[in-house]
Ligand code: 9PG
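Presented below, as structure tokens, is a lone chain in the form predicted alone.
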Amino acid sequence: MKEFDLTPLIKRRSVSEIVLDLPCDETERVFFNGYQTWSPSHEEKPSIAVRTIHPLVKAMGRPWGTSRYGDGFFIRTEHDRPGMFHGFSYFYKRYEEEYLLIASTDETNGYTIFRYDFFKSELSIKKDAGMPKYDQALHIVAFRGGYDEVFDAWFEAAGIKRRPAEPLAGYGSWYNRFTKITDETITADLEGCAKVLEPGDLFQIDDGWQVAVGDWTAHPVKFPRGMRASVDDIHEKGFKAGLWLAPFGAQADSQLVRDHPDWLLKHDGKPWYAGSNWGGFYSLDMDIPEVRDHLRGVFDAIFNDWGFDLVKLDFLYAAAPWMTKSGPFFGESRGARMCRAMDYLREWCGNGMILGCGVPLMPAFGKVEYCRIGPDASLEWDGTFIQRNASLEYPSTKNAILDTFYRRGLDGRAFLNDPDVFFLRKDNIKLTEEQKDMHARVLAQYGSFFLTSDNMGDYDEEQTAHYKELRKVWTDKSFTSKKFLKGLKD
């Protein structure tokens, strides 16, 4: 495939920005990649008004950090103004089955931000660069053709190759028990999974095992045997062992914050409050040598002392909310800082497998074996009323389905896509049977991670048979609901 020449479309340009004359009509669709893994990333009609958080709601949530998961602090949006879109790293417009993909080949000097005005027919492509001592240039390519053709061409032009890894099925504890996990519950869940899962599958221990976020030791009451014992139990069943942590975060009441307030990332002289989870948490400053030494030790214990095979690294956006403010990297853009954070994680984890989560996507390309490409699934179809109005990055089964489909071009090219978990259980769930089945089938067709978060020991014969049928869809990629897929595209 030949590169598409954008030159005739250029209205004006500088080193760090190009503005294209790019008209769309109502028969076409546009796609803008959201800021991070949880951000909505769907095809849209070019004239619609995309949902944003109302400024009043954003102001009300500011003390709790509810808006700090997204890009609202460095991208201005027009509230409910039709035909206005923005996104990061890559964009496409589609007419029927033909795609025009415009994409960055390098974010190490900063995010590439796409902004579109339907009524002006203008697409702005701008480098979110740092200080002038750093590279300010755009690095973009454009291709026209079929979906797989344009994505193959982009990754070949960028020279990006994913890390070798195999698709994984298995179990994650989060949506089953949330933080209420103990040695006993993990043992019980493991016994249930052994009845349904296959050797080599993943058993992932999620949030709740640790003393606190930032204090990455096993909770002495909940896990008195320590994490090595849990890993040995998982391996004895023939499964791979996974562990969740949020390395660049520290909850406000953690021992780490009490002992090392100087380790916190500062903005305008104050510790950066990165979000409302766990009663509120701060970002750690990875440019402090002691922070890097501490995290290196954490990963050494997880992989070498405890024996885990995979880490799910969450809330990674917290590493780089702002341009680097001091030290040898002073003036480095937020995107470059995020790329550097991913380099550190790759170094610290060595050959241990990484599942990235809550991370701007392109800095993770080629750095992690697996990556989330959508929001957390929800026990409701589209989250709760409060969640929908507090943040764009809220848990939503509906958005998980859409992001899984519309970010499918990254699977097998940038990393293996993790669309989060699916559910077959009948209790502690508000999804209908039809919604659960559709969700699971889309995840099976377009994801390479295939985890459930049910107590599999409670499955009856019908649920077990349903799981095995879905697993065959995942293996063979045999879901062919053309009506459903047409509905997504339209």
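Everything quoted here is computed from the prediction, not taken from an experiment. The first residue of the sequence shown is number 1, and the count goes up from there.
Below: the form predicted in complex with the named molecule, not depicted.
Interface membership of Ala364, the named molecule in the predicted bound form, 4.5 Å heavy atom rule:
Residue-level check for Ala364: no, no contact with the named molecule.
Give a yes/no on whether Leu202 approaches the named molecule to within 4.5 Å in the predicted bound form, heavy atoms considered.
Contact with the named molecule, no.
Exercise: Thr108 in contact with the named molecule in the predicted bound form, heavy atom 4.5 Å:
Thr108 lies outside the contact set for the named molecule.
Taking any heavy atom pair closer than or equal to 4.5 Å as contact, tell me whether Asp314 reaches the named molecule in the predicted bound form.
Yes, contact at 4.5 Å.
Find the only residue in Asp253, Asp300, Asp207, Asp232 having a heavy atom within 4.5 Å of the named molecule in the predicted bound form.
Of Asp253, Asp300, Asp207, Asp232, the residue with a heavy atom within 4.5 Å of the named molecule in the predicted bound form is Asp207.
Here the chain is shown alone; which of Glu393, Asp71, Glu332, Asp403 has a heavy atom within 4.5 Å of the named molecule in the predicted bound form?
Among Glu393, Asp71, Glu332, Asp403, a heavy atom within 4.5 Å of the named molecule in the predicted bound form occurs only for Glu393.
Residues in which of 273-281, 91-99, 135-143, 340-348 have heavy atoms within 4.5 Å of the named molecule in the predicted bound form?
This holds for exactly one stretch, 273-281.
Is it true that Trp38, Trp174 and Arg372, all three, sit within 4.5 Å of the named molecule in the predicted bound form, judged by heavy atoms?
Affirmative, all three are within 4.5 Å.
Which residues, if any, of 249-263 lie within 4.5 Å of the named molecule in the predicted bound form when only heavy atoms count?
The stretch does not touch the partner at all.
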